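We begin with a single chain expressed as structure tokens, specifically the form predicted alone.
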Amino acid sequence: MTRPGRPGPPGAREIAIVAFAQTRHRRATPELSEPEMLLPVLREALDQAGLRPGEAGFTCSGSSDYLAGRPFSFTMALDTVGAWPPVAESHVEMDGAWALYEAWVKLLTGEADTALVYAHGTSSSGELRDVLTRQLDPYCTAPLWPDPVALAALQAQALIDAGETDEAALARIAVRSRAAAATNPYAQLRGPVPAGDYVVRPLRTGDCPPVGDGAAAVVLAAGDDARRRCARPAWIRGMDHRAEPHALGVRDLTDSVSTRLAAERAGAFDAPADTAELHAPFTSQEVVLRKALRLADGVAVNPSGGPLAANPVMAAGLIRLGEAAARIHRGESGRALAHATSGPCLQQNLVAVLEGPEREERP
């Protein structure tokens, strides 16, 4: 739980996101290895924070061997961190948002004062829709080979049948997201994008995320160290993640109990937010998340364009945290929610509450 006026859990250290960098996301990067794609991003994030390579107290990354097509592929990416001196390092086989969560906990314990978090994914390496079926229950669901688009379409149809949305409303979400991305130089898709044909009814091309490659990195710092490294630190008030049951048949696909519970535990309902960066790869999933997070109409949702504009798998969730923090760094937001998801139909969800220094309560 959290309490208003202080970043993080009661009595905990103050932790903030002080730097964020990302690639210019593209459909494919065959000319780049993963270390080559990562290196400029890591250097940019470290430079923003005033850190030298290897100087961060902790390093944590998120990626997937399934995307790379080889075991322990994340060890190659460690070349970009620096082979010497040895660093305290960890890795999660998940979106980088969960790597940030691990780094946040590490800093809360006092075992480090700064942390470098990064994530990367080359979705173009294989057939992404086939690869992501490996997330499913291996006994009852995976043998049927339902891909993430088909499962998202089931969720969308459930929402339509429940009267919570319709195809026209979903199209408006897509139009708004791609229009917001017009000013985002890192987005893969920018400006007007046709609704297109049905991929799996009722989802059209415009309702689905682009397939692309990309990477992102953030730097965390504690207390006065964060204030020295960033003029407007994005303080992490709280963060929590929860999971739905693995079996799709026992879930209500029109709701996200795990998102609501994570938001409650992170303190998202303690005060209204002005910005929400939602990891909703499909338009229908924004409908579910808006309800679960109780977002008012005036909240700026995915002002970066969100995952409908760029969705590098394993980095898209970390980018939501980075984009929310960047708006606070620029003075465009005072209190922001950041959300990340993993698995089919919003199976596992992470929610973070970020606030600017104007809401900071000094002791």
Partner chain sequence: MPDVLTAPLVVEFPFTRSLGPVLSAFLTGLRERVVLGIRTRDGRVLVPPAEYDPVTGEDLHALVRTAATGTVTTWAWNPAPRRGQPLATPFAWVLVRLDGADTALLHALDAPGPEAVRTGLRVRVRWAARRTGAITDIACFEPCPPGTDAPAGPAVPHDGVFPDPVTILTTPARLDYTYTPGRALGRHLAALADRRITGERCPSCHKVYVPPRGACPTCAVATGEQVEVGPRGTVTTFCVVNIKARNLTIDVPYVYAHIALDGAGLALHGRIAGIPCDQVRMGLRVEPVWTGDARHPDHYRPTGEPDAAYDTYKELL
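These numbers were taken from a predicted model, which means no experiment stands behind them. Numbering follows the first chain given and starts at 1.
Keep in mind that the form predicted in complex with the partner chain is not shown, yet the notes after this line are about it.
With a 4.5 Å cutoff on heavy atoms, Gln157 counts as touching the partner chain in the model of the complex.
Using a 4.5 Å cutoff between non-hydrogen atoms, Phe72 does not count as a contact of the partner chain in the model of the complex. With a 4.5 Å cutoff on heavy atoms, Thr275 does not count as touching the partner chain in the model of the complex; it lies far away.
Remark: Pro30 counts among the residues lining the partner chain in the model of the complex, judged by a heavy atom distance of 4.5 Å or less. In plain terms, the part of the chain that comes close to the partner chain in the model of the complex, with a heavy atom within 4.5 Å, is 132 to 140 out of 132 to 140, 276 to 284, 226 to 234, 170 to 178. The contact with the partner chain in the model of the complex, taken as any heavy atom within 4.5 Å, belongs to Gly126 out of Gly126, Pro192, Gly110, Gly196. Thr80 is the sole member of Thr114, Thr80, Gln188, Ser258 with a non-hydrogen atom within 4.5 Å of the partner chain in the model of the complex. When contacts are defined as a non-hydrogen atom within 4.5 Å, all of Pro146, Asp161 and Val250 contact the partner chain in the model of the complex.
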